[in-house]
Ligand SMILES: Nc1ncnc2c1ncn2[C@@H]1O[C@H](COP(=O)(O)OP(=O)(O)O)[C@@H](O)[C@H]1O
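For reference, the chain that follows is the form predicted on its own, supplied as structure tokens.
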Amino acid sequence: MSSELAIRTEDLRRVFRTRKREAKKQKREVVALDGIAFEVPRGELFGVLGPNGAGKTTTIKILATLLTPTSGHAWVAGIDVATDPKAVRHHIGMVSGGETSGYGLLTVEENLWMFSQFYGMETRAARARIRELLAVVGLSDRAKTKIYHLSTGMRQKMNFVRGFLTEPEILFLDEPTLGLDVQTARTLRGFVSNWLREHPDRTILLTTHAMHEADELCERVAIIDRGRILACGAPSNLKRDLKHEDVVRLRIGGLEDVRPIVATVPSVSRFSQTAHDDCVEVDVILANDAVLTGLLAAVEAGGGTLLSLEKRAPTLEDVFLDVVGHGFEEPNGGGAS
């Protein structure tokens, strides 16, 4: 593998075998990854986007040597993760959203210091780095607090500090802002961007289902669904490719579910809907205005009332909708096809 690549996968597959609760107790296979392949050069912040169950966390766990692949290959820092996982661990760090970690009887500061010693950090440097990072995430006043007294969000902040504490060569961020308030999430995204600017030789692989987060941070993204990569490229390029089509947002009153209506309209197969108290918000990608006319007529015939219509510039979420065929809230597809 090229020394310029931090991460590379080749036809990577992971199959989980479960046991059904039926009388015969037959084993059932769940394909989490179905032959994915991608490369991440050193110094890049690469995003993997997809809904829950798409295969994002499985990918990171394989790259971080927490799972072995069923078949295919993966290299991190030029090292095969399956044949030499111990060597890989010297090069990586990991932060997982919602992760429960640390020893509850120890304080935040003690937990982080203990982790720094696992990596052989000099004590004075480790304590200075801990103070610096706790200030970044707003936990300075909790340094002496025992872990079991922390809220879920505070634990996630501590996990974030732990990930950056040793300044790893390659860092895996798996939903790192999960459960955090908007302001803290924004602060952490700013820290990630600054950290990479200050350390251009380091690499980050970020998984998220927050499109704005990926758009703000990532140089390139891979869109994954049902264990397969469906698109990969710079966010600006992926959005530009959608400009030949119309992206429309409709707010419709009088209906709770527009899917049966959309199913009757030819050429509408890519849409998502979000239910609100007073309306249903629908995002649709259309080839032309004639399709929109037919959709509006079908909504009216179905008892719905158009409250607003907006044509707008494509977003990464629209790209996901275009390549996958459904939105994040509809894992089994929400289109007419």
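Since the model is a prediction, treat every value here as computed from it, not as a measurement. The numbering used is simple: start at 1 and walk along the sequence shown.
If you look for the form predicted together with the named molecule, you will not find it shown, but the lines that follow are about it.
Val30 is the sole member of Leu66, Val30, Ala37, Ala297 with a non-hydrogen atom within 4.5 Å of the named molecule in the predicted bound form.
At the 4.5 Å threshold, heavy atoms of Thr57 reach the named molecule in the predicted bound form. Residue contact check for Asn52: one or more of its heavy atoms lie within 4.5 Å of the named molecule in the predicted bound form.
From the list 38 to 46, 57 to 65, 298 to 306, 273 to 281, the contact stretch for the named molecule in the predicted bound form under a 4.5 Å heavy atom rule is 57 to 65.
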